[in-house]
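Read the single chain below, which is given as structure tokens and is the form predicted alone.
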């Protein structure tokens, strides 16, 4: 890959977007807050435990970066803004509002834009959720992870089950669009406890669920302690159980780990999975930008790295197969300028279809429920 950075500007001072992406495709902005009060032992995301932060100074740098990119890439119609982390609920509501207002000043912020923020249940600020709503947040995602105190302790969470239940009640009374996360397949977890967790959560009128299987990633505290997750077969049975329970409550699975009531799929995350453009702000953020001079991976600090069409195509396969709707072949071509059938290993595709791991029609390729259990294998075969 070729580092472009600030030297990739065209003579007119702008890196103009391809017309098709600028006019037709959604565009989102991801704002990453890298700081946490404590580090969860399973987390491999970029984050830091730091309490003495000059928040106003850092937010000023975020605003400067937004201004830089607006001047560099031009106006876009922003359909979603996502505050992630780390723990973005540590950002003061006043600074959240500053960022949203700055985005609206620099870009065209859609009237119905989805503006999400991830929060922990134990905010230690009595009016935080209502203040976040006043600041412009209209979708609140709560990191519950479990509703069992022993599991929460194992996961290194600093909130209790009761605190999570109270927070769930509060966000559901304040926001029309709410989401919550749970983690399953913990060592020694049994199906009854997993079902109880999920059913307790689904007593609340949440619009969206994220149900993640515990994986032990390198360099995490769990990996260093040689913690082992649940056996694959048992974890697969938990996954099937989650699908059954969520479906019975009216949630449609639209991605391997995500479920939503009709019309409430996370618009921002769909940008990633469908291959649309997004801008990342903050030290741990990254983006994908389709410019007239090519497709770029964008990262901190103000770096643009040109991707080959083949590299982008592989990313589209990796992300797109996570969706229950799969990969749209026309959109695939629009995003990387390579025909889907020319990129995929057709011999392996035929074998995977024969094994009932993939389904294909003239417009889409998607994984079956059986295929979702072996996504990495499918991607490796299709891209080889």
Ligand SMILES: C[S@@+](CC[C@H](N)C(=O)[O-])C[C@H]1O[C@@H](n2cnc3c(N)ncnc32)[C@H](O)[C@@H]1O
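Numbering follows the first chain given and starts at 1. Since the structure is predicted, the reported quantities are computational estimates derived from the model, not experimental observations.
The same protein also exists as the form predicted in complex with the named molecule; that form is not shown, yet it is the one meant from here on.
Sort through 69, 340, 27, 42 and report the residue having a heavy atom within 4.5 Å of the named molecule in the predicted complex.
The residue in contact is 42.
Ok, 197, 258, 120, 79: which has a heavy atom sitting within 4.5 Å of the named molecule in the predicted complex?
None of the others qualify; the residue that does is 120.
Candidate spot 157, 214 and 217, all three touching the named molecule in the predicted complex (heavy atom, 4.5 Å):
Heavy-atom distance to the named molecule in the predicted complex: all three under 4.5 Å.
Just one of 246-254, 188-196, 259-267, 83-91 has heavy atoms within 4.5 Å of the named molecule in the predicted complex; which?
It is the stretch 83-91.
Even though the partner isn't displayed, in the predicted complex is residue 143 close enough to the named molecule, meaning a heavy atom within 4.5 Å?
Within the cut-off, so yes.
Partner contact for residue 183 in the predicted complex: the named molecule, 4.5 angstroms, heavy atom:
So residue 183 counts as contacting the named molecule.
Residues of stretch 355-376 in contact with the named molecule in the predicted complex (4.5 Å, non-hydrogen atom)
The stretch does not touch the partner at all.
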